[in-house]
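Next up: just one chain, as structure tokens, the form predicted alone.
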Amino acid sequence: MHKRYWNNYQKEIAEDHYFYARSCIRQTFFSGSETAFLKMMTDELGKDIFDDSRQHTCTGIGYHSDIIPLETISTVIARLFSLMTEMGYENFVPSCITSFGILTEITELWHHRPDLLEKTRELLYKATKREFNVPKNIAHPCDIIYKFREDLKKNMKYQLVNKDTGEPLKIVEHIGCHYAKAFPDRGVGGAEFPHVLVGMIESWGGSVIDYPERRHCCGFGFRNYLVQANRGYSLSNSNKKLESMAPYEPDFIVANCPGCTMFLDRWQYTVAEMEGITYDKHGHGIPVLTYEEMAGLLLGYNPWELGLQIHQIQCEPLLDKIGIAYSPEDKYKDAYGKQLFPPQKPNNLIV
């Protein structure tokens, strides 16, 4: 009997009624992405998603840096789940890939270690007088956009297509380790065939580049960057990926992890300043987008409200290639329309 192996690489993604947990580092690095996701969920898809002002960090970076012990992070996660429970939700959506990995790890531990779950309930109640239910479904926002990619496509004003040539844009997709590698069965496509970004790209008109270091780590790795003496290792990892993809001349990179997006963007500036090297032949660098930014641009959202001006590699050449309208004069205005001082230009990257 023929076995449908692809079924083994699927995951259950809830249809509606989500409790949303923001990311501490995403709000710093890519401030428009979470707002764009919530807008897509409510305005484009008509979904019920709750954004709780009482939420807090998952402490994942501290945990992976051996600062936060297991019982502490287990209790912190339990408080997040208690907020979800209090508001009557069962489907938890963590914005950050690290949080997604942490939630998966802790709930998996609770499944295999009922004693830890019971201890966590005791600690949470003792500290806060709160109780919680374990979510029925944990899905990352990229899972949800992937699930509803065809519904979003109906509202899109643009495609991942070069407006002058009519050819699909050539795109590098990068999957965060804590999404596909730590718990392969919790991500679409697993570790071997992660499809969550590929599905978006292909549905929206683009083509995916396969290159030798496609599944290589971005280089973040927490200790690689948090410990200053290790930062050269972080830079070397990103450089290895960027050198490998450069001959294929990608139009941009899209990632589903805030750390990966940040490092693949920022390290390009670093290498350009240190070595005078850019990874594209025009000297602009290769733009790096979050998946929300990619979707938001195609839906016609304002690039500056999405926060593209915050990226180190500027995106105007990509916007021009797709034909997306934007106002150069508004790029460095604040939310009230006041003109801010533009940042200092780099020495080697063309901006």
Partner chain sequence: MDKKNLILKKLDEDVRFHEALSACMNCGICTAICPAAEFYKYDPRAICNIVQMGNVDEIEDLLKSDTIWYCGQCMSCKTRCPRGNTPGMLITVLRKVSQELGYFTESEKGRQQFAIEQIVGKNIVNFGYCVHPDIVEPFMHPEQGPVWKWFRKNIESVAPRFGAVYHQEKAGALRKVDDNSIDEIRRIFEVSGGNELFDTIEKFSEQKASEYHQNADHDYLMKVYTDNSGEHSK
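Residue numbers count along the first chain shown, from 1. Predicted model, so just to flag it, every value in this text is computed and none were measured.
Separately, the form predicted in complex with its partner chain exists; it is not shown, and the next lines address it.
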statement: None of 162, 107, 207, 72 but one has a heavy atom within 4.5 Å of its partner chain in the predicted bound form; the exception is 72
query: Among the candidate residues 89, 269, 81, 146, which is the single one with a non-hydrogen atom no more than 4.5 Å from its partner chain in the predicted bound form?
result: 269
query: Since the chain is shown here on its own, which stretch among 151-159, 217-225, 138-146, 197-205 would lie within 4.5 Å of its partner chain in the predicted bound form, judged by heavy atoms?
result: 217-225
Triplet 134, 250 and 301 all within 4.5 Å of its partner chain in the predicted bound form via a heavy atom: no
field: Exercise: residue 281 in contact with its partner chain in the predicted bound form, heavy atom 4.5 Å
entry: no
message: Is it the case that residue 85, even though its partner is missing from this view, gets within 4.5 Å of its partner chain in the predicted bound form, heavy atoms only?
response: no
- prompt: Is residue 192 close enough to touch its partner chain in the predicted bound form, meaning at least one heavy atom pair within 4.5 Å?
  reply: yes
query: Hey, in the predicted bound form, does residue 12 get a heavy atom within 4.5 angstroms of its partner chain?
result: no
task: Scan 312-340 and write down, in order along the chain, each residue with a heavy atom lying within 4.5 Å of its partner chain in the predicted bound form.
output: 312, 314, 330, 331, 332, 333, 334, 335, 336, 340
